[in-house]
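Let's start with one chain on its own, the form predicted alone, as C-alpha cells.
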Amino acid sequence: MSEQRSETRLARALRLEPGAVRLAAYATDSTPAIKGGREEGQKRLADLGPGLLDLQSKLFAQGRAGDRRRLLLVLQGMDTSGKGGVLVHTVGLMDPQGLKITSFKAPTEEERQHDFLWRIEKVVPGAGYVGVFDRSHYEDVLIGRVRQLAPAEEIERRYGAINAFEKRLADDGTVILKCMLHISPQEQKRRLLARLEDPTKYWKYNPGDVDERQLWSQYAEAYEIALERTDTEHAPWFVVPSDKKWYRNLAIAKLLHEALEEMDLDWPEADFDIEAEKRRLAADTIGASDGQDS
C-alpha cells in the first residue's frame, strides 16, 4: 500500500493548496524556497546532477533485483511552459537506460476505440525506471473539456477514473510526482515571438498555438478543475512557477531528488558467493598470455 509522503521545504512551497483552486493566486515568476538568481540556480542544478544520477542508478539496480518501486514524473502545462526544457536540462541529468519518456500527442484512430486510459496504461514505467509523461492522461480532461472532445458526463467520469488509476499505480510501488508548469500569458507570448525571431526554433512554432491562446481563460478553468479534483496524498500536484526557466528546471530536479531520497535506496546485495567468484576469476587463464591490461 502507498504511504503518505513527508514534505521538504520546497515540496511544501510548491504543493497545491487544498480547497478551491485559483491559478491566479500562484505567481508565475516567483522562486519559492530557492534563493539566488539565474547563474547560481544553473550552478546548483549542475551540482545536483551527480546525486540525482546516483539515486536513479540505485533505483534501476533495485528494479533489476526484484524491487517493484518506480517513479513517474507527470509534466503538464500550457504551450511553451517548458516541458521540453525540463526533459533536456533536468531529466537529461539521469542515465537514459533507466528512463522511459513518453510524449502524448492526439490519440490515434486505434486509441480512440478504447477508454482514454488504455494508451496510458501501456506505457507505465516498469520496476526500477523513472518514467516521464510529457503531457499525459490529463489532456483528456483539459483539451477534452475545452474543445468538447467528449460529452460532459464522460469528462466528469474521467476525474474519478484518473484517481483510481493513480491509486493502483501507487499501491503497486509507483511514486507519482505531478508538476503543473505555471506560466503567464505574457511570458507565453514572449516565447512564441522568440521562436519567430530565431530560424533554429521555427520548427518549434505551431500557428495553432496562437489559436489556443485565445482560449486561455477556458484552459485556466479546466486546469483549476483538474488540479482540484485529482490532488491526492498518493499523487499530489505541485504548481511550479515557470516564467523563469532556470527556476523551473532546478525546482523539478530538486523534487525528483527529494522523491528518490525518500525511497531510501541502496545498492542491492549480491545474490551469489562473492569470494567464490573471485577465486573463479583468479583461476581463469583466458587471455593471460597476451600481456595486455584492459
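Just count from 1 along the sequence shown to find any residue number. Note that the structure is predicted; figures quoted are calculated from it, not measured.
Keep in mind that the form predicted in complex with a further copy of the same chain is missing from the display, and what follows is about it.
Participant: Select, from the options 182-190, 138-146, 106-114, 157-165, the stretch whose residues sit within 4.5 angstroms of a further copy of the same chain in the model of the complex by heavy atom distance.
Facilitator: Only one stretch passes the 4.5 Å heavy-atom test: 182-190.
Participant: Looking in the model of the complex, any heavy atom of residue 169 within 4.5 Å of a further copy of the same chain?
Facilitator: Because no heavy atom of residue 169 falls inside 4.5 Å of a further copy of the same chain in the model of the complex, the answer is no.
Participant: Check residue 237 for me: does it contact a further copy of the same chain in the model of the complex (non-hydrogen atoms, 4.5 angstroms)?
Facilitator: So residue 237 does not count as contacting a further copy of the same chain.
Participant: Even though the partner isn't displayed, in the model of the complex is residue 61 close enough to a further copy of the same chain, meaning a heavy atom within 4.5 Å?
Facilitator: Residue-level check for residue 61: yes, a contact with a further copy of the same chain.
Participant: So in the model of the complex, is a further copy of the same chain close enough to residue 153 to count as touching (4.5 Å, heavy atoms)?
Facilitator: Answer no; every heavy atom of residue 153 is more than 4.5 Å from a further copy of the same chain in the model of the complex.
Participant: Suppose contact means any heavy atom within 4.5 Å; which members of 175-212 contact a further copy of the same chain in the model of the complex?
Facilitator: Contacts from 175-212: 182, 184, 185, 186, 189, 192, 193, 196, 197, 199, 200, 202, 203, 205, 207, 210, 211.
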